[in-house]
Each structure stands twice: as C-alpha cells, then as structure tokens.
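Single chain ahead, written as structure tokens, the form predicted alone.
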Amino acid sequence: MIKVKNLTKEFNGITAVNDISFQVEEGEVFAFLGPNGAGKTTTVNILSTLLAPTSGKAIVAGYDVSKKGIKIRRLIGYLPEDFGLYPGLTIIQNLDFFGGLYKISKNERKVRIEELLEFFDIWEKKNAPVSTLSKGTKQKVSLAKAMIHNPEILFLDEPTSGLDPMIAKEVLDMITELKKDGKTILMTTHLLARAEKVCDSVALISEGEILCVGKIAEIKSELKTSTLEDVYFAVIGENHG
C-alpha cells in the first residue's frame, strides 16, 4: 500500500530525512518510531503530499506522491499532531465542513457524521464548540475528520501523545477496530509500549535515518529481546552509543 525508496528531504541544506526505504502492506498497522526531531513527521508529510521530497520515491496506493497528489489525498486520511480543527465551530460543523471538501453529498455527510460520532462515543457532544473540548475529545474529533471520506489509508501523527492513559487506550482500541475494518495505518510515535499494543511492523528512525525495519515479532526474535522498548534501546544504543 505504501512503498518508500531512497527518500530524502532537505531543508536549507539540513537533511531531515536521509535516504530511507520501507514499505507498508495493505491492512497492517505500521509504526514509525523515534525521538522528537527524528524525521517522522517530515516523512508523513511527504507521504500525505504536504511536502515534496528532495530525492527518492514514495508510492501511496499505487500513485507517486510527486505526480498524483490530488488522487492520493482522496484516498488517505491524515491526523496531524495539532488536531487541524476549527475551534470556533462545533463538532458537527467541523465534520460537515471537511466532508463538503471531499464533495460528499449533504445527506451522505449527515449519515457518515452520525456513524463516526457513535463510533467514537461523542454523539452527545455533537453541538459543543471544539474550543470547549478536552484534548482527548479533540483527538477523537480529529480522527473522525480524517475518516469522514472513508479512506483506505490513515496517517496518524502521534495519535496518543499528551493523552491520559485511559483516553490513550480508547484511541488505541479504535485503531485496532479500524485495522479490523481493513484500513492500512501508518502512525508515528515515541511511545513504544503503546505502539507495541497495536502495530504489526515498525521502523526505528533517528536523525533522519532508519536504523531497523520489519515485523515486530521478527525483530524481537532476531535481537533476542522481549519488548519493543528493548529493541529500541539496543538499536539506538548500537548506532549512537
């Protein structure tokens, strides 16, 4: 579903992403793991066509990100770390607005919004302005926004960052449900234990370079470790010790 080969992104001579390659299979949850500033968000922004790569290739759902941005944007949902919502609008108004951008008819939008608000258990808050919501509820609304057009692929940038453990668990449970529905999900995170609960495969990235990539179970077996955290510190320590 996603293929990245020798992808590089530079900003004013500084390399944020350095010659990385990986792929995400259809229907799997793939975690991009690394500390802040490692290049995770830059990579997601390239894959979601918000940034152009400096060199290399990225294919999303069969389309080149450098050539078919409009087609890709119709097929993906994107959850940014800052929610990307209009604080002065209510939950329903936000979702209705974004549904309209995808040219979903008014009747279809109404049905879809009700489905999503029920799924995320926020129907009773539908008329609340976003500015009055807790961070956890904003995250749910932002996820609903990313799913308004029923995309095949979801890019989730730090979906549980800053959430209390109970809300974070709810979000992870929802990611698991989306996986059961056949969605392909790429999530960035620096929270290893949470990633391990829902992900099939991972790429460990540091200073713009992928240090390790593959199925979690296979990596743990190869490195003889019991947790993703052990994998992370073994790989990061080996390369930056």
Ligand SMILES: Nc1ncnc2c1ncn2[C@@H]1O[C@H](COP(=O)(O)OP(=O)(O)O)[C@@H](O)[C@H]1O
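The numbering used is simple: start at 1 and walk along the sequence shown. This one's a predicted model, so the numbers in the text were calculated from it and none came from an experiment.
In what follows, reference is made to the form predicted in complex with this ligand, a form of this protein that is not presented.
Q: Just to be sure I understand the contacts: of T184, T41, T49, T189, which is the one whose heavy atoms reach within 4.5 angstroms of this ligand in the predicted complex?
A: Only one option qualifies, and that one is T41.
Q: Heavy atoms within 4.5 Å of this ligand in the predicted complex: does S55 have any?
A: Outside the cut-off, so no.
Q: Can P35 be called a contact residue for this ligand in the predicted complex at 4.5 Å between heavy atoms?
A: Contact with this ligand, yes.
Q: At the 4.5 Å heavy atom threshold, is I20 in contact with this ligand in the predicted complex?
A: Answer no; every heavy atom of I20 is more than 4.5 Å from this ligand in the predicted complex.
Q: Tell me, yes or no, whether A16 is in contact with this ligand in the predicted complex, where a contact means a heavy atom of each within 4.5 Å.
A: A16: yes, in contact with this ligand in the predicted complex.
Q: Heavy atoms, 4.5 Å, this ligand in the predicted complex: which of 212-220, 41-49, 59-67, 171-179 makes the cut? Say which one.
A: Among the candidates, contact is made by 41-49.
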